[in-house]
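This document opens with one chain alone, in structure tokens, the form predicted alone.
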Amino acid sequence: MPPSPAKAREIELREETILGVARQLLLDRGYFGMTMDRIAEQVDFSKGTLYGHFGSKEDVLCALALESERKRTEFFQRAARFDGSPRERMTAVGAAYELYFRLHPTYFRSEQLIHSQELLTKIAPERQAEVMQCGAKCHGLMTAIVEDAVRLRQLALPRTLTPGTLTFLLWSLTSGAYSNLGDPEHLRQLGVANPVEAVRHACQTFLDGLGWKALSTQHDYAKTVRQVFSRCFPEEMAEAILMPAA
């Protein structure tokens, strides 16, 4: 028999509490510092109850990653509906990823951790499948945009590059760069004054190199990003403005 609505809500609230504590521990102490013992110390119920919800630290991390994947998927879906050319829509997805990274740094971190093969083997198969499905949705959205550009003859891919491969390269460029933004002072010492702007520029330069029209010399993609933020993410931008600078 399924739990009553009240009981189901109680279970949901407990899990939200657990994940909120785990998320903060992950941010403050990193993966090795986020332990079941530390989570249990900061919640208002027994360790047995904690293990009743999550069987291991890896299960907690996977749940955090699923929150991350679901939120990122939502951002990408909203951005992909931006009213513009395929390249503007791909720019919109990039802007969505940028905003998601800024608003949800612990989500991003848990997502990066859980995709290591060692950790994936330690989580329940059904959770593994859901993590992969969310990632596939985002990849599919981006690949469909590339295919639109090819169909409209705004992009001619070389024979060695498929739409899916181009999506993979864009994803790797962006997520790889964001993975290295944890120490702003170190980046400044390296001469990287505005790393997020550098990621935007690198993506546009890459697409220019492929000849994806309209080229950045012909269209103001910085303006496109501003339009995406204001039209697709007005509430999130209001929240981002109130956040302390990185």
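Numbers for residues come from their place in the sequence shown, where the first is 1. Only a predicted model underlies this, so the values are computations on that prediction, with no experimental measurement involved.
Just so it is clear, the following notes concern the form predicted in complex with a further copy of the same chain, a form of the same protein that is not shown.
- For the options 103, 119, 134, 155, the residue carrying a heavy atom within 4.5 angstroms of a further copy of the same chain in the predicted bound form is 119.
- Proximity to a further copy of the same chain in the predicted bound form holds for all of 162, 199 and 206, with the criterion being a heavy atom within 4.5 Å.
- Within 4.5 Å of some heavy atom of a further copy of the same chain in the predicted bound form lies at least one heavy atom of residue 176.
- Using a 4.5 angstroms threshold between heavy atoms, residue 210 counts as touching a further copy of the same chain in the predicted bound form.
- When contacts are judged by a 4.5 Å heavy atom cut-off, residue 139 counts as touching a further copy of the same chain in the predicted bound form.
- Among residues of the shown chain, residue 109 is one whose heavy atoms approach a further copy of the same chain to within 4.5 Å in the predicted bound form.
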